[in-house]
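One chain comes next, on its own, written as structure tokens: the form predicted alone.
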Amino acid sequence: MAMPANFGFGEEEQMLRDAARKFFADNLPSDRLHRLVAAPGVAGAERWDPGLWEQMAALGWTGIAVPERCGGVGMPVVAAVALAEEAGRAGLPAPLVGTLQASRLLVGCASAAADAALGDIVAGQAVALAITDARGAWRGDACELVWQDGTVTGTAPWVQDATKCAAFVVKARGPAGAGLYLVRAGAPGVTIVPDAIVDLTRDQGSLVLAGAAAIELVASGGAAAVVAEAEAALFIFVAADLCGAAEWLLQTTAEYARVRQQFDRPIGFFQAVKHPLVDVMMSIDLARSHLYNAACAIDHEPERALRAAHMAKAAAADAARFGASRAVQLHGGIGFTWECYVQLYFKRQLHNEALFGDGDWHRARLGAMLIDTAAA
């Protein structure tokens, strides 16, 4: 199938992006975000507004990546990416990216149980992925959990927004290999052990299961193929969040450079400030081009989606690191202070950069793919 113009980003996708941007501007301006996540004494599990999540669900956003057969909106991946990018731009402290990732994985399960879970997501249920092992690997049969007789036992680390989610898609070893299962939060045998992470806009934890009841999504031996098929989407939703947050850092720093005076001139007058800002803008534009190219590939050319997703996540991670460091530097003496909103996005970028592989990891994987292709 040929790639459409503008990566398939049409009028409906633009309307969704505009609506999301206005919604976050009205309901989550930077000062409210700072009060919500950086107030003294606020714990990680409390750093969000469940009412805001309910409004997003009422707007249909949790069902953006869910097929119509399950009650979802059924929009293309480029639309879901645009929504994730706006969430990153707002520094959204809610499990949207993880739920979008889980939706894509559940679609690939192609089972009645998975379709029921997708229906719950449309209704506003947040779902997190618990598919990595202690080393952060998620490919093949890598997992820390064991399934037996309808229950799962073990510990799944690195679960994003663990305390905010109502259910978890877990990968567990069965008699024939790894399968995928759904575990409900709050069920007997389910415990969440929070991690201490740098990102104030999210929480992370380990999912500890002691014989917890599990709904089978994909039988033992089938998880690896489903995860591999969804892998490109897992990468680009994080890349979208990275691009959105990078854009906020760029625009905020550019505005500061216009109003901050030094030597009787705005600091943006000086080349030592304006040139780094242009470099940041170029790195974000490059990353965003890779991002929507990868999203469009998932929609129209799935055979090349993974390669494009590796490129997107690598470019977004690089742009995030560069842009965040320049934002702190160009804000001068206030750039690293708790009161400056830049710190929230700086920390979010650090977390996202490592999530599902940093730039170096993705370039290494991309190199291996290209070499294998050339050898064939």
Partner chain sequence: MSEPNRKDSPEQTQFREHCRAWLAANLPPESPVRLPQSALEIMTREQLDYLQTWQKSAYEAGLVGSDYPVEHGGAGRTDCQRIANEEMQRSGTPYFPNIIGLGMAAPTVFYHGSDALKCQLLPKLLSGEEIWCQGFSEPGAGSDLASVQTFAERRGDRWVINGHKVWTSLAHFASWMILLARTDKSSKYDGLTYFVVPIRAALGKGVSVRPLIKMTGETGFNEVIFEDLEIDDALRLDAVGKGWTVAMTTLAHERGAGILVTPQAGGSRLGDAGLVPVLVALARESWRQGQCAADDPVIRSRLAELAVREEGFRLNLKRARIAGLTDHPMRLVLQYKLLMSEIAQEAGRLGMDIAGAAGSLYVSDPAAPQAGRWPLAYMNSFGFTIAAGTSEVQRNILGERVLGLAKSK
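Residue numbers count along the first chain shown, from 1. Computed from a predicted model, the values in this text were never measured in an experiment.
One more form of this protein, predicted in complex with the partner chain, exists but is not displayed; see below.
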Exercise for the section: Report whether the minimum heavy atom distance between residue 293 and the partner chain in the model of the complex is within 4.5 Å. Expected result: yes
Practice task
Examine residue 164 and determine whether its closest non-hydrogen atom to the partner chain in the model of the complex is within 4.5 angstroms.
Solution key: no
Exercise for the section: Consider residue 368 of the chain shown here, and say whether it contacts the partner chain in the model of the complex, taking contact as heavy atoms within 4.5 Å. Expected result: yes
Problem - in the model of the complex, residue 191 touching the partner chain (heavy atom, 4.5 Å) - result: no
Fill in the blank from the handout: Partner-free chain; cross-checking the partner chain in the model of the complex, the single residue of 278, 134, 123, 112 with a heavy atom within 4.5 Å is 278
Handout entry: Candidate from 344, 324, 311, 56 lying within 4.5 Å of the partner chain in the model of the complex - any heavy atom
Key = 311
Problem - Location of the partner chain contact in the model of the complex, chosen stretch of 180 to 188, 220 to 228, 156 to 164, 258 to 266 [non-hydrogen atom, 4.5 Å] - result: 258 to 266
Fill in the blank from the handout: Near the partner chain in the model of the complex, with a heavy atom at 4.5 Å or closer, the residues from 291 to 330 are 292, 293, 300, 304, 311, 315, 318
